[in-house]
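To begin, one chain is listed below as C-alpha cells, in the form predicted on its own.
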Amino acid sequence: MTNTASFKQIWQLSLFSFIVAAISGFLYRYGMLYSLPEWLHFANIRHAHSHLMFFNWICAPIMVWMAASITGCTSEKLIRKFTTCLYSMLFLGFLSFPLFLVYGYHSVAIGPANLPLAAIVSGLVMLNWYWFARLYYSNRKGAPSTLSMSFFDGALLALIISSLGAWGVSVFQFTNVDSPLTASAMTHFFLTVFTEGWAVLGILGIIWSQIQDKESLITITPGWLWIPILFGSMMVFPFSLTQTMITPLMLSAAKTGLVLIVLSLSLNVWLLIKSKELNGFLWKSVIALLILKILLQSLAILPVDIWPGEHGLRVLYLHMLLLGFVSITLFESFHPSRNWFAKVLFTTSVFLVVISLINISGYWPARFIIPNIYFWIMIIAILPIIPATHIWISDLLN
C-alpha cells in the first residue's frame, strides 16, 4: 500500500477544493432557477468550477500518489521538493477560482494594460505541471518497474501533451486567423487528453498499485493496458466538437481512438474483476462506473444517432467519469479503513447525480422525465457536498 502520510496536508487542501468546486456546481444549478447577482455569470461559474476541479482535485491527489510511489520519496529532502511544487500548484488553483468566477476569460484593466488574469494564472498552473514532471522523471529511476508505475508514466505524459492544446488556445487568441474549428479543436484536445489520458491513466495507476501489481494476473503484454488509452485520448477530441464542424477523416480518427480506449479499458476491467481484490460496495461501484464508461463510448463507435459532444450527454459523461469513477477511487484510496459510512453516502449521491443528469441528457424519453427536474437536479447537487465535508473535517481532526 502506498504511504501518502507525508502529503496529508496536500490531500486536505485538495479535498477542500473539491468542496468549494462542488458548491459552485450547486450555485450553477441554483442560477438556472433563481436570480443571481448581476456580476455573476453562468459561463464564469462554469469556468471557475471546472478549473478548480481540474487543477486542485484531479491533479493534486494523483500527483501525491505518484510522488509517494517513488522509492526515493523516503528522503525528507525529496518530499519537501514535491510538497513545495504541489503547494504552489494548489495556491494557484485556488487563486484562479475567484478570478474565473468574477472575470472569466475576459481581460482586466490594471493600469494601462488589459490582462486576462485567470488565463495567466492557468498558465502558471501548467508550469507547475512541468515542475512536477521534472521532479518525478528525474527521481523515477529508483522506483520499481511495476504496472502501476507504467500507468503513472503514461498519465504524466498525457498531462504534458494535453497542456499543448491549452497553450495553443492562448497563442491562437493573438493571431488574425478566423477559424472557429481550430480554436475549438485546441480547447477540446486539452480537455479530452486531460480527462481520457491523465485522469483515467492516473486513477487506474492508483487502483493497480493497491492490488500489489500481481504479475500472475497479467496474462498479456502490460503495454496493452495503458498505451492504447494514451494514444486514443489524443484522437477522440473531435467527438467533443459540433458535429457539423468535423471532416470524415477527423471522425474516422476519433472512432479509431475510441476503439483503442474501449479495448484497453475492457482488458483492465477483466483483469481487475479476475483479481477478486476489489471487493465491497465502493470498489464495485468504481468498476460499475468504468463499465458504464466503456458502454457509453462503445455506443459512439456504432452507427447510431448519438453524438458524445452534445451538451447534455457530455455533462452526464463528465460527471460519471470525474465525480464518479475518479472521485470515489480517491476517497477510498486515501481513506481505505475510515469514514466508511460517509464514503457510501458519497457514492450513493454520485449515482443520484448521474441518474438526475440522464433526464436532461437529450436522450431520455420526454414522457419519463421527472416533473420539476431542474429543481431536483439542484437539490441532488448538494448531496455529495455533505459526506465530502464530513470526510474533510474528520481528516483534519485526525
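Computed from a predicted structure; not experimentally measured. Numbers for residues come from their place in the sequence shown, where the first is 1.
Below, we refer to the form predicted together with a small molecule, which is not included among the displayed structures.
When contacts are judged by a 4.5 Å heavy atom cut-off, residue 53 counts as touching the small molecule in the predicted bound form.
Taking non-hydrogen atoms only, residue 327 approaches the small molecule to within 4.5 angstroms in the predicted bound form.
When the small molecule is considered in the predicted bound form, residue 26 lines it closely, a heavy atom lying within 4.5 Å. Although the partner is absent here, residue 65 sits far enough away that none of its heavy atoms falls within 4.5 Å of the small molecule in the predicted bound form. Although the small molecule is omitted here, in the predicted bound form all of 49, 57 and 318 have a heavy atom within 4.5 Å of it.
Only one of 314, 140, 255, 106 comes within 4.5 Å of the small molecule in the predicted bound form through a heavy atom, and that residue is 314. Put simply, of 292, 322, 164, 227 only one has a heavy atom within 4.5 Å of the small molecule in the predicted bound form, and it is 322. The stretch from 362 to 370, 332 to 340, 33 to 41, 57 to 65 that comes within 4.5 Å of the small molecule in the predicted bound form, counting heavy atoms only, is 57 to 65.
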